[in-house]
Structures are given as structure tokens and as C-alpha cells.
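In C-alpha cells, the next block holds one chain alone, the form predicted on its own.
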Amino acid sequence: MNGSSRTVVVTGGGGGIGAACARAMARQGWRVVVCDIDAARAEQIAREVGGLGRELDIADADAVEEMAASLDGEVGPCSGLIACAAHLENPHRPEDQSLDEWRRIIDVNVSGSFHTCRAFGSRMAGGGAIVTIASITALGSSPLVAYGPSKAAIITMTQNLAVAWGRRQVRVNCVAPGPTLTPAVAASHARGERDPATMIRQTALGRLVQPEEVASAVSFLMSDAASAITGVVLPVDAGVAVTGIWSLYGGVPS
């Protein structure tokens, strides 16, 4: 799929991985629509990439549908979607889970991702590409009590849509980032909620992931180079997924 004159929507595009994806897609020649719950941030990234900025809360199904219909009339059918918007969570015990926070995480991460994929994917009559953003917490156990299950749901959703829309030549893939040094995560480190040194010790590469590295994987899956790839889950995790049992033998070699 050539990026020239094609339009891609990036939700959660106002910062972190979403902003990195918006920049990467613009470099590939795509016209980028940056959507974010923070209108100012969406406009800022949109100006940077020469695209359009829109305020959007993906948990609001009607707002997502109205946005898709509006963009259809304004810029024509969108042939690309990067569903990056998410509600984050810090580690805690299951018994300490806030029910309001649980509902918001499910509303945004699961329902919101579905609203977005349905609204834009259903309009890709001539084919297209969608990349959802999960997490390595979807692939195993973690103290992210609501966030991990919400991201696991996104993986199953991705696989469902890949088959449902495959004969229409709409490819749907998923990227599962590991410990990524986004501004939100850096702020969490500064507040003492997470320990970057502990995270680094659990990676095979001995470092955190950069947002641009996640965006590189996303832009590959959106491109013609991935034209026969659909329904996959691609971890971008600096090797976290392969280090687990090493902890029983003293940890990852230095």
C-alpha cells in the first residue's frame, strides 16, 4: 500500500507512541489525521506533520462514528487506521482496583478500540490497513489488573477483524509494545510509581523501547511490504518476552 495521497487516522496521536506513529506515517507520504482526547495536543502534532487535528474520545461510540462520517466527506475514505489511544494504569493489587478506573480502562481500551475499528474499517471499501496497539501485558501475567486484560481483548479483536474483513483486502494487525519510554511513562518514573532499572533488567537488550521503534513496526505493517500479513501480533519489547525463565538462573547475562 503506497502512502501517497492516502489518509491514515491515528487515535491517541497527541503524544507518545501515537505521535511517533503520526510522524512515521507522514514521512511515508500519508496524509495524517491526528485524533486525541486532548484537542491542543492533536492540533500540535497535526501542524508538525502537515495533517489534520481532531478532538476525539474513542469511548464515545457516537462521536467516533460522527468523526468517521465527517472525515469521509472532508478528505475522502480513510484507507489506514492506527488505533493507539488507551487509558493507562499503574501496578497495584487486585483488591485495590478502583471500579471506576476499571470501567474507564474497559470503555477506552476495549470498547473504544472496537468503536474506532468498526467506524473506519467498515468504510475501507477499496481495501486498507489497520494496526491496533496492545501490550506485552496481554501476553502474560502482570500487576496491571485491568490494563493487561483490556489489551488481551484487543489481540482477539484484531484477529477477529483480520478474518472478517480479509476478503475485502482490509489487513488488521497488532503491535504489542514492551516497556516504552513515552512521556507518560517517564512521568510515572519521576513519581516513583515504576522503577526503570527493574524494567531494564528484564529486557534481553538491556534498555527500554523508544516510541519511534514501536512506530517503525507499525509503519511496516501499514506498508506494501506487509501486503500478505494480517492477523499477526508483533511484540516490540527489547526482548522482555524471552527473558522470563532466566530469572531462575540469576537473570539476564550482563
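Residue positions are given as counts along the sequence shown, with the first one as 1. Worth saying up front: this structure is predicted, and the values here are computed from it rather than measured.
The same protein also has a form predicted in complex with a small molecule, omitted here; what follows describes it.
Put simply, residue 81 is far from the small molecule in the predicted bound form: not one heavy atom of it is within 4.5 Å. Residue contact with the small molecule in the predicted bound form: residue 105 places no heavy atom within 4.5 Å of it.
Within this chain, residue 235 is remote from the site of the small molecule in the predicted bound form, having no heavy atom within 4.5 Å.
Although the partner is absent here, residue 151 lies within 4.5 Å of the small molecule in the predicted bound form, judged by heavy atoms.
In short, of 165-173, 90-98, 134-142, 121-129 it is 134-142 that has heavy atoms within 4.5 Å of the small molecule in the predicted bound form. Of the residues given (193, 66, 57, 48), 57 alone sits with a heavy atom within 4.5 Å of the small molecule in the predicted bound form.
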